[in-house]
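Consider the single chain below, provided in structure tokens and representing the form predicted on its own.
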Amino acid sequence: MPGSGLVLGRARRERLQVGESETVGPYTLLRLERGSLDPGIPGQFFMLEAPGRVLPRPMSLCQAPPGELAFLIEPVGPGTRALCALEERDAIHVLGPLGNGFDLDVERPLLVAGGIGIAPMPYLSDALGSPPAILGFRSERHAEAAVLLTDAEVVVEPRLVTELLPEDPGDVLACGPEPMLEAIRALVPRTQLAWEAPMACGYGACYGCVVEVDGHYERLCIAGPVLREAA
């Protein structure tokens, strides 16, 4: 059900129909018909209309099978709960892909994710040929989401993903809570980190996602979400 509206480069805004909604541990895997939207590069994001809410919610693409866009969502607030409550044949507006994704030109990728930071990893894993992955979760129930990745090493709190980092981790591509990303940043001299921030527009107009990066401020939706560390 494509609709007319905003076009930003490869990003488009369309009204997409829900195919199905699956439960994965405490998360919901929301599958939408793709329409004419480009799935983009792993690590980019889409703005999903949250029914009954004024502002959309930014979501990383989790899977991109033919004809679909799938998003892994954790119901933590009114907007995400509304998205998780969507049913087959419901329709919402979706804008994307937006932002900067992961650089896929890496020799020895290692995926590292914490909690809902697993969201972009299945799509990223497919793009990189199923490299090794380390996943961390706060409970065994949350760890059920590890089924979305093949042969990943999994830790549950109080263990940390950094405990499983090899001495020579290769090219680390990570997504997760800020403390985890900061810990990886301190241990790995060159890495790609996908950060999170509240977003209202997704394309730099509102300045709602400004974060401090190495002493200066960036709009995360424009500079990120994936920020690369210099060697």
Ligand SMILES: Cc1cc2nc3c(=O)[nH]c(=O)nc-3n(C[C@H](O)[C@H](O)[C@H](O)COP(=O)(O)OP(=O)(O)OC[C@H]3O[C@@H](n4cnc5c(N)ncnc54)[C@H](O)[C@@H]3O)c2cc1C
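So that there is no doubt, residue numbering starts at 1 and follows the sequence shown. All values derive from a computational prediction rather than experimental measurement.
FYI, the form predicted together with this ligand isn't displayed, but the following is about it.
At least one heavy atom of E196 is located within 4.5 Å of this ligand in the predicted bound form. This ligand is not shown here, and in the predicted bound form it never comes within 4.5 Å of any heavy atom of V161. Within 4.5 Å of any heavy atom of this ligand in the predicted bound form lies no heavy atom of I184.
Heavy atoms of A85 never reach within 4.5 Å of this ligand in the predicted bound form, leaving it off the interface. Listed stretches are 101 to 109, 130 to 138, 143 to 151, 72 to 80; the contact stretch with this ligand in the predicted bound form is 72 to 80, by a heavy atom cutoff of 4.5 Å. Taking this ligand as positioned in the predicted bound form, the residues of 46 to 67 that bring a heavy atom within 4.5 Å of it are, in sequence order, R57, P58, M59, S60.
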